[in-house]
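Just one chain is shown here, as structure tokens, and it is the form predicted on its own.
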Amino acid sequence: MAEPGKTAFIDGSRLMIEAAVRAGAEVFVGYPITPANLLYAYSSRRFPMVLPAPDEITTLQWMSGFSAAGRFPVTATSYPGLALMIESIGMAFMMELPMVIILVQRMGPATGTATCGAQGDLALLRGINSGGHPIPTLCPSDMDDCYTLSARAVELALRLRCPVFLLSSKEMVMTLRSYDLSRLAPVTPAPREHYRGDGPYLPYAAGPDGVPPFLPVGNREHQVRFTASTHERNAGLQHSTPEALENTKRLRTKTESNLGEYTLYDYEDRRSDTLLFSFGITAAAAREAADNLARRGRPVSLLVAKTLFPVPGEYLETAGRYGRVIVAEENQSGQYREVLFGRNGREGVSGVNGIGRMISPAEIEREVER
């Protein structure tokens, strides 16, 4: 990257990778897939270690091994690759292994159109874990977010000892823009706290925050065991003992009880009866639409979500103060609108949706004025 203070012609991929490395990520494991190829290419130049995997199943297995050994891994993929990773993502979640998975959305179903962006993977991410255990998911809405949220994802994965998704789309990671590098704040390596004690190490004995202390395999002082099966605090496999069931429930409460630490969003209260809600690449159109409407004397408030899962309560609390809520997202059915308001919706809630194309500010403005 150029020195701070200079303008660069740059895309979101480079900012994400740079921030992740500065935050302490040490190894990139991946299998190239469009439209995540630039993340793979930049990683090969920037990460201390890069492993090209033969497929996406192997990618997550290797990442889990690195994480268990105390080396922080990152990968990048799109839906077809994610589909192959799902079992291993659940394994890493159950074993409580920190890692970051950058998911670049493209139009589906199946292989779909590799060069067409989308925001269609939200329903999948919401239910990716058996049992409904949410995996923290951050979503950049602009170039600044590509940098700050990537570093935050590394920090969050280490803090909560779990996988974290960084959700993006083709246009965010591949489109070149002029960008002032002086906007980038310094990033320091995320803190890593390892177990220190005299007694036997219990790998799943959680503290008050629900997060158990981490210790990598291969250390000289304690035996370390990881398992993806239902287990008690000592990693012993159990069918359904009270301790094992409480440990399984803890995996959900761990991410939800600490949600306040990573509830990230932008909110502009413009003294309106209408709230415009968006995220990711569509947030740019929503911001422009809000500014255009304000100039025409039709102000709307604006909420841009950056933490998508678990769903922060602040979103529904804010939406509840408005008689009308418009959710703009680049998918056919309004996936996040349904997450927020249910299948039947709520009176006054509507959406602006698109498939195979980006949503324009004009479309959003027409819905507001309808």
Partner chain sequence: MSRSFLSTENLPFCSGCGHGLMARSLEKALQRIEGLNPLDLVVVTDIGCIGIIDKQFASHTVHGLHGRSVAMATGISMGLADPDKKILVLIGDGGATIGLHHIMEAAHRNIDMTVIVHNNMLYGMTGGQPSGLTPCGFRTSTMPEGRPDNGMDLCRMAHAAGAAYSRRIMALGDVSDVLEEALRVKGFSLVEAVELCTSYGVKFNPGRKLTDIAGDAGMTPVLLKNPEASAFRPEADRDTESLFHGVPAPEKRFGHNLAGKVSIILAGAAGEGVQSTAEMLALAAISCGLSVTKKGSYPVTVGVGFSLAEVIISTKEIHYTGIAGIDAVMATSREGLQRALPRIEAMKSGSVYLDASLDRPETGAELVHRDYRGPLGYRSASLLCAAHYLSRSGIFPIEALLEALSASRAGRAVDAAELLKAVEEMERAGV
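Positions refer to the first chain, counted from 1. Treat the numbers as computed from the prediction; the structure is a model and nothing was measured.
Keep in mind that the form predicted in complex with its partner chain is not shown, yet the notes after this line are about it.
Novice: Using 4.5 Å between non-hydrogen atoms, is S360 touching its partner chain in the model of the complex?
Specialist: Yes, contact at 4.5 Å.
Novice: Answer for R271 alone: is it within 4.5 Å of its partner chain in the model of the complex, judged on heavy atom distances?
Specialist: Result no; R271 lies far from its partner chain in the model of the complex.
Novice: Just to confirm, P48 within 4.5 Å of its partner chain in the model of the complex by heavy atoms?
Specialist: Heavy-atom contact with its partner chain at 4.5 Å: present for P48.
Novice: Does L316 reach its partner chain in the model of the complex if we count a contact as any heavy atom within 4.5 Å?
Specialist: Contact with its partner chain, no.
Novice: Could you tell me which of 127-135, 190-198, 174-182, 156-164 sits within 4.5 Å of its partner chain in the model of the complex, going by non-hydrogen atoms?
Specialist: Stretch 174-182 is the one.
Novice: So which of F279, Y147, F93, Y79 gets a non-hydrogen atom within 4.5 Å of its partner chain in the model of the complex?
Specialist: Among F279, Y147, F93, Y79, a heavy atom within 4.5 Å of its partner chain in the model of the complex occurs only for Y147.
Novice: Sort through A244, A206, V224, L259 and report the residue having a heavy atom within 4.5 Å of its partner chain in the model of the complex.
Specialist: So the residue touching its partner chain in the model of the complex, by this definition, is V224.
Novice: Note that its partner chain is not shown here; using its position in the model of the complex, name the residues of 25-62 with a heavy atom within 4.5 Å of it, in sequence order.
Specialist: Contacting residues: Y42, S43, S44, R45, R46, F47, P48, M49, V50, L51, P52, P54, D55, I57, T58, Q61, W62.
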